[in-house]
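For reference, the chain that follows is the form predicted alone, supplied as structure tokens.
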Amino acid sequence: MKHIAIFASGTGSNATKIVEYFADNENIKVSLIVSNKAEAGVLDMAKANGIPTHIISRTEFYKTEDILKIFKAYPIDFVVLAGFLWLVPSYLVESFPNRIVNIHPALLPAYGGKGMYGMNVHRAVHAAKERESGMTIHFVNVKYDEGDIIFQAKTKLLATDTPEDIQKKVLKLEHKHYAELVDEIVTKLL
């Protein structure tokens, strides 16, 4: 059995899809949800699904390696970022080489980097009058959105699309592909 920790800062729609996807899996289990926000909606979803949670402070995440001790208790094999807005520290990247993935709501390397998340990305894509956008799943390294790309999916954009329309189109791709890709990567670890 391989155990996944999901890190999320918000409502957790991708985290929810991943939890649903692995609900009846005999080989892979979502064993922990970590958030940096005590009021994050993802925590309610975790509670409703009987998944343990941990609220991490900035000090704990960056000044200690306590999360590694918590991971041993579950025992975590793989980390999925699903709307987690903090840069992952080097000790965690080094402890989980090619075992931390992130999803980004654009076609990296475009529209990536610090501050490029959520609607900030979709507004930038809209302002640039792009004719396509999409999502990128990538391994995590010590820089925002610069890890090796694993998978991308594209969607056509119309001249009439608003940033909110772009968000809906990209989120549909995220929900379609993220859990499947996590399954594929973690299965290779079995």
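Residue numbers run from 1 along the displayed sequence. This one's a predicted model, so the numbers in the text were calculated from it and none came from an experiment.
Beyond what is shown, the protein has a form predicted together with a small molecule; the following relates to that form.
Interface membership of L171, defined by any non-hydrogen atom within 4.5 Å of the small molecule in the model of the complex, is confirmed.
Taking non-hydrogen atoms only, N25 never approaches the small molecule to within 4.5 angstroms in the model of the complex. Among heavy atoms of F78, none comes within 4.5 Å of the small molecule in the model of the complex.
Proximity of V101 to the small molecule in the model of the complex: non-hydrogen atoms within 4.5 Å are absent; the residue sits far from the partner.
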